[in-house]
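Single chain ahead, by itself, as structure tokens, in the form predicted alone.
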Amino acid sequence: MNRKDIQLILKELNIVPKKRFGQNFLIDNATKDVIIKQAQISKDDIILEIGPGLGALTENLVKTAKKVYAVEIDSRLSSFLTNKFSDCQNLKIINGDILKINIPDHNKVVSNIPYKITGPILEKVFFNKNPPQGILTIEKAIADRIFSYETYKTSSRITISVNTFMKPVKKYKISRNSFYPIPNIALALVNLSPRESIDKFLINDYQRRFYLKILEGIMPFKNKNLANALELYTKKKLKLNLNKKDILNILEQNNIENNKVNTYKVSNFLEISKIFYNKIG
């Protein structure tokens, strides 16, 4: 479908694209071909597509995959897709909010995901003990941070969290003109593979949430020394009665140096989380 096709269908459906839903519809076949090629879909794949829109990607996914679950928040688009793909036995359209529904089992996510909720989607779909592969069109600034895992001074919370569960494989710049309406942000396609093993600490749901909260709490202070960042976080969020001296003693007892937060690696953050989890356990 080209721009005129999209505009005509949206007019018939009485839909004005909403920014809050991230409604930017894929109109470029070359971009679609790149996404599908990266997905390397097999007949055994169970695909989750988030925000299928008018089905530009869906029509390719259903050709090969064993099953496709397409989650669409807009009821009018959901009805349109149901009619468009009425003959597809391997497709299930789910009208709902991806952040609120129970997600069906799947092994691969192929999506142009809503840009405004990229972080929450990553956390719900990928930050777990058995994450799927992800082929995602996302904001380029976020993609750059995900792939900055070897240069920790430019890393952020999303760098550490994504690289805890996933292995960044490839990144491609995607033209904004591939979508209608044209997004206001630069875009990139990322290919993320699940890590071969996830630290045992993260298997437990409560411990995993604790780890992600630690990252959320101290990464805003990534240019401060670890003890300072932890003192600010533990007082505000963990309600632990620990001053900087206490924290320095804990770090020393566990052979962790008090360096700037942006110098630590994923394994360091995991160890720090385990230590402070035990303090409140």
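Residue numbers run from 1 along the displayed sequence. Note that the structure is predicted; figures quoted are calculated from it, not measured.
There is also a form predicted together with S-adenosyl-L-homocysteine (SAH); it is not shown, and the following applies to it.
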Worksheet item: Any of the heavy atoms of Gly96 lying within 4.5 Å of S-adenosyl-L-homocysteine (SAH) in the predicted complex?
Response: yes
Worksheet item: Is Ala39 close to S-adenosyl-L-homocysteine (SAH) in the predicted complex, meaning a heavy atom pair under 4.5 Å apart or at it?
Response: no
Discussion item. In the predicted complex, does Leu77 come within 4.5 Å of S-adenosyl-L-homocysteine (SAH), counting heavy atoms only?
Written reply: yes
Worksheet item: Is there any non-hydrogen atom of Pro114 lying within 4.5 Å of S-adenosyl-L-homocysteine (SAH) in the predicted complex?
Response: yes
Item to complete: Can you check 243-251, 61-69, 210-218, 46-54 and let me know which stretch has heavy atoms within 4.5 Å of S-adenosyl-L-homocysteine (SAH) in the predicted complex?
Response: 46-54
Response to the item:
The one option of Ile256, Val34, Leu26, Ala229 with any heavy atom within 4.5 Å of S-adenosyl-L-homocysteine (SAH) in the predicted complex is Leu26
Response to the item:
If we test each of Ile158, Leu189, Ile73, Leu202 for a heavy atom within 4.5 Å of S-adenosyl-L-homocysteine (SAH) in the predicted complex, the one that passes is Ile73
